[in-house]
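Only one chain is shown below, in structure tokens, and it's the form predicted on its own.
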């Protein structure tokens, strides 16, 4: 019985160590890819950022492509979580407002993730074509159908749901992708939590009013 407990304990410790190491490597890789893109990043530089020997990287990820794919999937999982939050049963003003709030929170807390995604798209999305042409289309079709349902029910103005979603993406991710420009224009070294609260309130007001949800 003790040997079983010891085995489970050892397995748990091994699993936790592996998970912790992968997190450190992924975080270092995210910084490297955000700064240099896929082509400019190197496994050696990622190892230095993570403060681990280069062979440790290859123990978890066989090459740079596999590590980059893992980082991209982490980003998409994070963003898709926010996108799946609203349902047909929600009130549109609240659902759209919450989505804007979550997207801005991601721009504030995970700016490098947004930059990696933007760089990938600017390069023609060579590593995301399958996702963009399949999973994203399915997800978008589902969410635009929800918005169209609100429109058909007379809950909001008759707008094109796709363009509304694209507008929210651009408006919220701007604060990550063009953060330097924003801070320079406002004369600030960093945007505070209060700044983001003000940004959030204004974007929600502008977008929901444009949808006929605020009189």
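Remember, it's a predicted structure, so these values are computed and weren't measured experimentally. Whichever C-alpha set is largest while still superposing within 1.5 Å between the two forms counts as the rigid core. Residue numbers count along the first chain shown, from 1.
The same protein also exists as the form predicted in complex with the DNA; that form is not shown, yet it is the one meant from here on.
In the model of the complex, the residue from 69, 148, 63, 181 that sits within 4.5 Å of the DNA by heavy atoms:
Only one option qualifies, and that one is 63.
Counting only non-hydrogen atoms, which stretch in 181 to 189, 164 to 172, 47 to 55, 150 to 158 is within 4.5 Å of the DNA in the model of the complex?
Selected range: 47 to 55.
In the model of the complex, is there a heavy atom of the DNA that lies within 4.5 Å of any heavy atom of residue 59, even though the partner is absent here?
Output for residue 59 is yes: heavy atoms within 4.5 Å of the DNA.
Is residue 43 close to the DNA in the model of the complex, meaning a heavy atom pair under 4.5 Å apart or at it?
Contact with the DNA, yes.
Report yes if any heavy atom of residue 17 sits within 4.5 Å of a heavy atom of the DNA in the model of the complex; otherwise report no.
The answer is yes: residue 17 has a heavy atom within 4.5 Å of the DNA.
Quick check on residue 21: any heavy atom within 4.5 Å of the DNA in the model of the complex?
Contact check for residue 21: yes, within 4.5 Å of the DNA in the model of the complex.
So with the core overlaid, does the Cα of residue 55 end up 2 Å or more away between the shown form and the other one?
Result for residue 55: yes, a 2 Å-plus shift.
Residue shift check between the shown form and the other one, rigid core fit, residue 21 Cα at least 2 Å
Where the cores coincide, residue 21 still shows a C-alpha shift between the shown form and the other one that is 2 Å or more.
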